[in-house]
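We begin with a single chain expressed as structure tokens, specifically the form predicted alone.
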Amino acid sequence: MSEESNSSEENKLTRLNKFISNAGVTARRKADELIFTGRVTVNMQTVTEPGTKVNPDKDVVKVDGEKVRPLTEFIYVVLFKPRGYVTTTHDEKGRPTVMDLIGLNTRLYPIGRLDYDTDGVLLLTNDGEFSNMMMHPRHKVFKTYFAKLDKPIEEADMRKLREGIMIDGKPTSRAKVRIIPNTADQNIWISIHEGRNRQVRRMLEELGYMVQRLKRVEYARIGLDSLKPGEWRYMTEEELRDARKLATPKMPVFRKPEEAGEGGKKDKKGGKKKKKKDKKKKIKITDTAVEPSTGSDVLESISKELEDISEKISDTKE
């Protein structure tokens, strides 16, 4: 066999966990579990190493005895998950799942999870590679939540959230947190890029706050738009493209020191003093990035919801 043929064969090889994920069977991490537990075979041989290379054109890969076939079409869905639904494809307790809300004749898998009693944006797809991009902490794809607390949040506690909170002996990554303008100090936006179990609630509980209401309003800057609880839509091409950009590592930008103008003097760091003011402005803009792009619409719907809840409480008391 020629060197050219060997090179062509090698180019077709792909990691087993990636092949399973790209075929829409499950997300990459779950694919690793399937392989580790001996549920995957390659050409009738059980394989337990996720990094095993396979040739999609020649090798026969099976999961639990069912042949894995590469997908020809990827689907991306945005769902307004209501409270009272579990984020899984099947629930052993018989509770309603998010899959009950989507009537497509294809296998989709949730990207991450939303708690049973949390509602909001949930992304689903059969594209395992995209799912992995959105979920893996190293890509730092942020999810933004509206949280109503039982009491006003202290500035010192917001600083702690921005630095990281210890949960189960391990610090969380830095969160973005901001009090919602023109509302009580107990209403906040909070953004995280990790996906630990009930993470937002646990971070706030660790600081002594009870979360009375939690709603995810954005994932990778993808919002609900005009969706109502239980409704879904296809992700737009623009949303998909922008989400991929968010997950793509950014190359560092190196700037050459600017030469001083007439009579201008450089400071010790090689830049003009005027540049320091520009830098402060940039930092200020970054701090407000936690607020959703659809913030006003989201806040309006949440405010109406909170008003309805208050009215119901008042009616009950009377």
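Not measured: the values here are computed from a predicted model. All residue numbers are counted from 1 along the displayed sequence.
The discussion below concerns the form predicted in complex with a small molecule, not included here.
Contact check for residue 200: a non-hydrogen atom falls within 4.5 Å of the small molecule in the model of the complex. Residue 214 belongs to the set of residues with a heavy atom inside 4.5 Å of the small molecule in the model of the complex. Remark: residue 115 counts among the residues lining the small molecule in the model of the complex, judged by a heavy atom distance of 4.5 Å or less. In the model of the complex, the small molecule sits within 4.5 Å of a heavy atom of residue 145.
Only one segment in the set 191 to 199, 100 to 108, 225 to 233, 151 to 159 has residues whose heavy atoms sit within 4.5 Å of the small molecule in the model of the complex; it is 191 to 199.
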